[in-house]
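In the block that follows, a single chain appears as structure tokens, in the form predicted on its own.
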């Protein structure tokens, strides 16, 4: 049974462009449309469209993901939020305490996605100077301590990065579901960390999923999609997406005939503090039936959790909920 989550906008306007202010004769002093309104509408769209949850990614230049997740959990009744952050953002005790409070207030609807292997320049801009294998060693301790204080009163830990003496949660923080842990990466260190701590290991669309040595861990994929009523309409939309990023129409890449993946989805790759460059990643383009078939291929390869991404976020969330998810009715389930 597959679970489908939609990725939410955490930076910019979510691909919708700037909204006009109220005309001058309107005396309402409220802003016409603010960033929190856009996020609230995106979260509401995920719930109405029938997604099993929503993903708030870590973005070093975007809104703070745990704060956004808290706001959306407050505004929704059913949506389960997966918040992305990196272990250097706080101590594991503080992250666990914030999460315990959010679980109390939301009936245990928050999950974690730890971004362990950030671009070194981006990590340094966040105040994090660890590199290489040390990041995974710290993440190992981070999750060990977070789980320890969550489940054990009087918890004590002495490690390389963290120390706790006679800690551990007591009521009202204790007794709630520890967030499901999502991890990613294809290095030996990433797989070793997931084998010990992950509930879901999330792959990129073109990763060698079959090579992952993770028995007992659920597999997920973060998958950009562009789906329309027919192939020609979908590829015309892909062409507009390509040229909107400043590329010439004649350079539109063809999809990989083996994987069906189109390597033209813009993604923002951090290249250091104060500046980011645009790169392009793989995803599925085509009719709703074609995209559904591509998703079924991943399911056949063992993937059970899909973090779909489509812009503009609100409109595409409704579109995918109305047209794509019904085609996957046999494969999907809601986890609430």
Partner chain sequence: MSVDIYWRIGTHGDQPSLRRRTASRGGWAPVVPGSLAPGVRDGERDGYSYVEHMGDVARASEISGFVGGLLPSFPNTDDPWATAATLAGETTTYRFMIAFQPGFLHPVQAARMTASLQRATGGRVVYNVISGGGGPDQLWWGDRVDHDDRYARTSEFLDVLRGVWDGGPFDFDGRFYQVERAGLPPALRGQPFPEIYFSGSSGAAIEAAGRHADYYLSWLEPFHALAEKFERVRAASDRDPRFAVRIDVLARETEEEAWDEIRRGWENIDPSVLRDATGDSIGWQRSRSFVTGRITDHRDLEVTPNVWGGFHLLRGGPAFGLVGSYEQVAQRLDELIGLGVGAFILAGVPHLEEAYRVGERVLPLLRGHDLRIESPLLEGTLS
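As the structure is a computational prediction, the values presented were derived from the model and not from experiment. Numbering follows the first chain given and starts at 1.
Absent from the display: the form predicted in complex with the partner chain. The rest refers to it.
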property	result
Single option in 294, 53, 282, 60 placed near the partner chain in the predicted complex, where near means a heavy atom within 4.5 Å	60
Option touching the partner chain, based on a heavy atom within 4.5 Å in the predicted complex, out of 252, 137, 164, 195	164
Contact test in the predicted complex: residue 126 vs the partner chain, heavy atoms, 4.5 Å	yes
is_contact(residue 228, the partner chain) in the predicted complex, heavy atom dist at most 4.5 Å	no
4.5 angstroms heavy atom contact with the partner chain in the predicted complex for residue 245	no
Residue 170: touches the partner chain in the predicted complex, heavy atom cutoff 4.5 angstroms	yes
Residues 88, 97 and 101 all lining the partner chain in the predicted complex, heavy atom within 4.5 Å	yes
Contact stretch among 65-73, 45-53, 282-290, 296-304 - heavy atom within 4.5 Å of the partner chain in the predicted complex	65-73
